[in-house]
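Next up is one chain by itself, shown in structure tokens, the form predicted alone.
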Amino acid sequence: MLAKHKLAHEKAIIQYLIVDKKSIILESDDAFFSNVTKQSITSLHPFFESITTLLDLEENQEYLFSCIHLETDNRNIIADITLKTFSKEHALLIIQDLTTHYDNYQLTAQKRNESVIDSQILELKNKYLIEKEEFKNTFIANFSHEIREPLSGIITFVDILGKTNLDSEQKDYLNIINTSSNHLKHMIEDILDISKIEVGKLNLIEDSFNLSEFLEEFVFTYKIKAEEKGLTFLNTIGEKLPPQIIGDPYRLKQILGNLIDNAIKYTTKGSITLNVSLNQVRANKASIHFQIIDTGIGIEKENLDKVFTSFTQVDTTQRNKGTGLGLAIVKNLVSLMDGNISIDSEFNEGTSFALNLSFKLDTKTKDKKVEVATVEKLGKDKYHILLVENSEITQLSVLKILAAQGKFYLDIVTNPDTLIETIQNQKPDIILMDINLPNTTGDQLAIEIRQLPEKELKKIPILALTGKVFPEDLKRYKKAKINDVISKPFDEKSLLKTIHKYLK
């Protein structure tokens, strides 16, 4: 019984044929080609035409032909064919079916080739994505820098114009311009920040700051913003909060500011609440809990996961148009600070954000205010400021701000080639240095100044005026021994505050 089943399923893989030197088949076991005795081997397949000349050669010769495609009686096969001449008159022809072997080999080779091709495609895609990302980030950085230039002029002259005699209608128009320019400024900063986050170049700058003073100023600012919209601003500041902590106050302000700006934006009546309390102190670190609550439009449960996604807005009505980056930046900043954030909301009832952030305790700095020098408290009648800048808008903006103080006189250098000579002749108190200059950069000029032989000149404070504030840019400025950076667009307050720090 077994032999019967074995015979039914067994396939012959070799056929043996004896042929004479005239290529006539004398014997065959009929494995693939049946009833072929007394036929010429050339009748089996055209391939055999190529071996007939080998039949009339010396005896005991052997020839191998690999991977020959043959059409047999029952199927197509891929075979190795061996020809052995065992006498001067006769030869043995062996046809071995290796179809499975060659199919598997071809499949393996194909997969290997596909794998190589896929790897090459992936490599090209990665290269393309890297180049695309580099182009995007370079474009954003350059575009951001270029747009900050005129924006500085708008902000400066709106501020100056606001101090002139205006009627109520003109003041309303000016407030609209001011609001729009500040909105544009925040959008530029958001786009630049999200670009830094995507490439992992957004770094935290740790500094010691007084938490009570920080919250007091923050509450004062946002209380006014809320009241302007007819909202009540409530706050509870815990009594056990540490007085002096180490962290990034700018990024903390950005996190809380984005959350409260969002709350004010989506709340038409009711209140905005800020609660700050101490979770715990452990290993010289304080975990602080922040909660922002509003009585605004709220968010549907199915949309809660979308609020932290870049360029996504849950409410897309025209009155609430924006970049959709604020909460995405918040989420990334909280993560960068090793904190956590959660959201709870009821549609048409309000939203609550809760976050926990850890800060190092500053035990060395006592609870005291750092006093910044002002021109009124210093002995000199006037201070000499040297501005290295080729933008007429920035030149005029700085001139108007400083002239209004009555304590400064300003010289302007537009040709970098004359800078060193001007410094040696005029000996300014402070140098305001634009970074993008014709044929050179501000940090390169700063290096030249620091190499001057005169001690009093090489130590003049240099303040960079720039919109390029990526971490690698700041490192370059620091390496050039630039004392500080005034980020464009700047206003009167930020410009004077930084200048006052370096007055002697």
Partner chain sequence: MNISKKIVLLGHFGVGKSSLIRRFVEDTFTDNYKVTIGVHILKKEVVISPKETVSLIIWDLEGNDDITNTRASYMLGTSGMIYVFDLTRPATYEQLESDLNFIKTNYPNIPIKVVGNKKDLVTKDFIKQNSDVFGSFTDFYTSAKANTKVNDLFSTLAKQLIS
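Numbering follows the first chain given and starts at 1. What you see is a predicted model, and the numbers here were worked out from it, not measured in a lab. Note that the rigid core is defined as the largest set of C-alphas that superpose within 1.5 Å between two forms.
Beyond the structure shown, there is the form predicted together with the partner chain, which is absent from this document and is the topic of what follows.
### Task
Can you check 29 to 37, 45 to 53, 461 to 469, 475 to 483 and let me know which stretch has heavy atoms within 4.5 Å of the partner chain in the model of the complex?
Comparing against the partner chain in the model of the complex, the contact stretch is 45 to 53.
### Selected contact from 403, 129, 205, 109, since only one has a non-hydrogen atom within 4.5 angstroms of the partner chain in the model of the complex
In short, 109.
### Task
Please pick, from 105, 139, 409, 173, the one residue with any non-hydrogen atom lying within 4.5 angstroms of the partner chain in the model of the complex.
Only one option qualifies, and that one is 105.
### Query
Hey, in the model of the complex, does residue 451 get a heavy atom within 4.5 angstroms of the partner chain?
Contact check for residue 451: no, nothing within 4.5 Å of the partner chain in the model of the complex.
### Message
Taking the partner chain as it sits in the model of the complex, is residue 61 in contact with it (heavy atom to heavy atom, 4.5 Å or less)?
### Response
Residue-level check for residue 61: no, no contact with the partner chain.
### Query
Does the partner chain get within 4.5 angstroms of any non-hydrogen atom of residue 447 in the model of the complex?
Contact with the partner chain, no.
#### Entry: Contact of residue 113 with the partner chain in the model of the complex (heavy atom, 4.5 Å)
Residue 113: contacts the partner chain in the model of the complex.
### Query
On a core-based superposition, does residue 421 travel 2 Å or more at its Cα between this form and the one not shown?
Shift of 2 Å or more: no.
### Query
Is there a C-alpha shift of 2 Å or more at residue 46 between this form and the one not shown once the rigid core is superposed?
After core superposition, the displacement of the residue 46 C-alpha between this form and the one not shown reaches the 2 Å mark, so yes.
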